[in-house]
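So this first bit is one chain, no partners, the form predicted alone, shown in structure tokens.
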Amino acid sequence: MELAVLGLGRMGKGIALRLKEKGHDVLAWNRGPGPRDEVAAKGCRVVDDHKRVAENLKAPRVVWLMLPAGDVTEQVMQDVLETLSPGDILIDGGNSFYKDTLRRHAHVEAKGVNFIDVGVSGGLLGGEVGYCTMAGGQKEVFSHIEPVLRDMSIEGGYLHCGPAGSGHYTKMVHNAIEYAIMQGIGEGFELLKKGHYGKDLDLAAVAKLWTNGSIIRGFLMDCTASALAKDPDLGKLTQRIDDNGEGKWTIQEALDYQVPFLMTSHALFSRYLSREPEVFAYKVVAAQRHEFGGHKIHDKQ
């Protein structure tokens, strides 16, 4: 199938190259020239202006946006939409908030252009072994692009989740679960490091062990083992953990529907704490304990 992939970041580049390898005719665009040159060397066609994408595709055009959620996706989508025709298909494969996606579905389809939202999981390895893809939108449009989703995904790794927005919604909850699992692994290894046998345990070896047959084995444990093998004390890293919004969106959704969502909430707030060189709230608690009970406080050196 002929399609355009707009945005050649970590995921977009992997998608473009995997689809090209599977025999699809891929037209690629990226704001910076480096990734364009890289995929061109692997056989993809490229353009240096996203507003010229449509003129290089045959109808019905298929345009896949793989851009950061928010203003970047909004602007490029509007630019590209002006160049498309009724019957063309516009896909948002980024981590957009599902309420933004619902609004975009209505706006795009009012112009006669079909819209599909796709959540994509798999990280950097997905380009090699295949992604897990979650699509939302009209079933007929999904069926048209199904060969693309099948070829970019690992075997059994794609699904039409439901109506407009359901692909991004499913991916949002997926990422919230990811927050919680990562936090659990992190806290477990902190206890191993600081607990009773902390001086005796080889954490890299434990992580490697747990990738083999344990109940908690899996991709995130593989990542933990890989990181500890490279840097056993993680001394090259700071404690700061960023987030891209999915955890916050999911927690708000849980609040709106009164669904307990404890683990991801803890994980998100821990990420906020990781960015603070000094947490004032902790100082307040220490001061309270000293005031009411004379408990020891630790002065700055």
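These numbers were taken from a predicted model, which means no experiment stands behind them. One rule holds for the numbers: they count along the sequence shown, beginning at 1.
Keep in mind the form predicted in complex with a small molecule is missing from the figure; the text below concerns it.
- Remark: of stretches 222 to 230, 88 to 96, 145 to 153, 203 to 211, the one touching the small molecule in the predicted bound form is 88 to 96 (heavy atom within 4.5 Å).
- Not one of R18, V39 and G126 places a heavy atom within 4.5 Å of the small molecule in the predicted bound form.
- In the predicted bound form, no heavy atom of V5 sits within 4.5 Å of the small molecule.
- Of the heavy atoms in G32, some are within 4.5 Å of the small molecule in the predicted bound form.
- Among residues of the shown chain, V120 is one whose heavy atoms approach the small molecule to within 4.5 Å in the predicted bound form.
- Although the partner is absent from this view, L67 contacts the small molecule in the predicted bound form, with a non-hydrogen atom inside 4.5 angstroms.
- Only one of I177, V72, L81, I185 lies close to the small molecule in the predicted bound form, with a heavy atom inside 4.5 Å, and it is V72.
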